Each structure stands twice: as structure tokens, then as C-alpha cells.
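In the form predicted on its own, a lone chain appears below as C-alpha cells.
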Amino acid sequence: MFSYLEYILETKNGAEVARVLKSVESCKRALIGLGYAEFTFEDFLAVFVEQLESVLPGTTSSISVDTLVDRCRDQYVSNYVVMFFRFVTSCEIRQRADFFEPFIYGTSNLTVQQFCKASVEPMGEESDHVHITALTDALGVPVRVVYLDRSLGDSGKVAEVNHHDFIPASSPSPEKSAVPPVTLLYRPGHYDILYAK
């Protein structure tokens, strides 16, 4: 979330904020359609929308990067946004159960519903490929995940830097040189933000 909001602040991309707000509204309707009571997620959604609107360029409520850092360090804000993203991820997986089911069942022997209840919605659960695919598709925000491959590569090196781009299904075909606005370094059990030099 921080990297994405920072990207909007730096690019002053009001159109991107409007686009994501539409995606969020669609997610809200989908959650209700799947049987979630609005009160179970409305506070989480409101905190995310507040953060998103605060990075809108040229408004009186626009914040600085330093203020964004402070807000994202606030446990109340960060936990509420993470919980909202967990609901969005679960919703996307459930809506596209036919697509996600082989990946889920192949690794966990759980149904889609069981997987969402056990591995997506609870705080403290780690995210993996399925989660990132669902969240990037739901919000329409591309993400690059960089990781070290410790196997012996073609070049004879023991460790190589590789990446995987999660491009939302709704995105137009990106240029091969286009880098997603969010780049993360995967370390087992954790993702860190990476910045281009």
C-alpha cells in the first residue's frame, strides 16, 4: 500500500486515484453480493479510501510523503488497510473460484472457501502467488516481485536475481520495458519495497 500511494503522490496521477476508487466500489458491491454484511468491512474500506484520497494531487487535504510514512506506520491505519485488502483478496478468489481452485487445492487440499477463511482473511497469514494475483486483479494495480534464485543458473552463478510481474487481467498489454509501479523484494515470509536507482 505504501509503495502504491507513494507512486501516486510522486506522479500526481489523479486519474489513477479515480480508477482505483471505481475498483474499490466494485469490490464493495462484490463483497455484499457474496454475502458479507457491509458492517464487517466498511470501516476497513473507509480507512483505505481516506488514505487514497489523501494522495490526490492539488487538493487541500493532500499530504506529503513524510505524512504518508507516518500514517502507514500507524498500526490502526496499516492494520485496517491490510484487513480491507484481505477482504478484497478473498472476494476476488471466491468470485473466480474456477480459476484459483487448482492452485489452492494443489497446495493445501482445501476448498476455495476453506482457503479464504483459513489463509486469506485472518491477520498474520502470509501471502503468496495466489493472494498477489487476486489482489492485483481486483484493484488493477500491477506489481513486480523480485527474488533471488539460489539454484545454479545458465551463467554458472549460484544466485541470480529474477522477477515476476503480476499484471492484472484488466490491464492492456504492457510494453516489455514497462516496470509496474510497485516493486517488492520477496524474502521467505516477507516482502520489502524496492526502489529503482
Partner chain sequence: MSTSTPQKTLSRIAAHRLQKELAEWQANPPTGFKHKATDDIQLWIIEVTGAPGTLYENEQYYLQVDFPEQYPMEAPQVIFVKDPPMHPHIYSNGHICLDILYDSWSPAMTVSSICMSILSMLSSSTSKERPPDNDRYVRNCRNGRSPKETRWWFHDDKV
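Numbering follows the first chain given and starts at 1. Please read all numbers here as calculations on a predicted model, not as lab measurements.
A second form of this protein, the form predicted together with the partner chain, is not displayed here; the remarks below concern that form.
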Exercise for the section: Would you please decide whether E42 lies within 4.5 angstroms of the partner chain in the model of the complex, comparing each non-hydrogen atom pair? Expected result: yes
Practice task
Determine whether any heavy atom of I104 comes within 4.5 Å of a heavy atom of the partner chain in the model of the complex, and answer yes or no.
Solution key: no
Practice task
Please run the contact check for Y80 against the partner chain in the model of the complex: heavy atoms, 4.5 angstroms, yes or no?
Solution key: yes
Problem - Interface membership of D74, the partner chain in the model of the complex, 4.5 Å heavy atom rule - result: no
Handout entry: Stretch in contact in the model of the complex with the partner chain, which is absent here, among 141-149, 33-41, 128-136, 64-72 (heavy atoms within 4.5 Å)
Key = 33-41
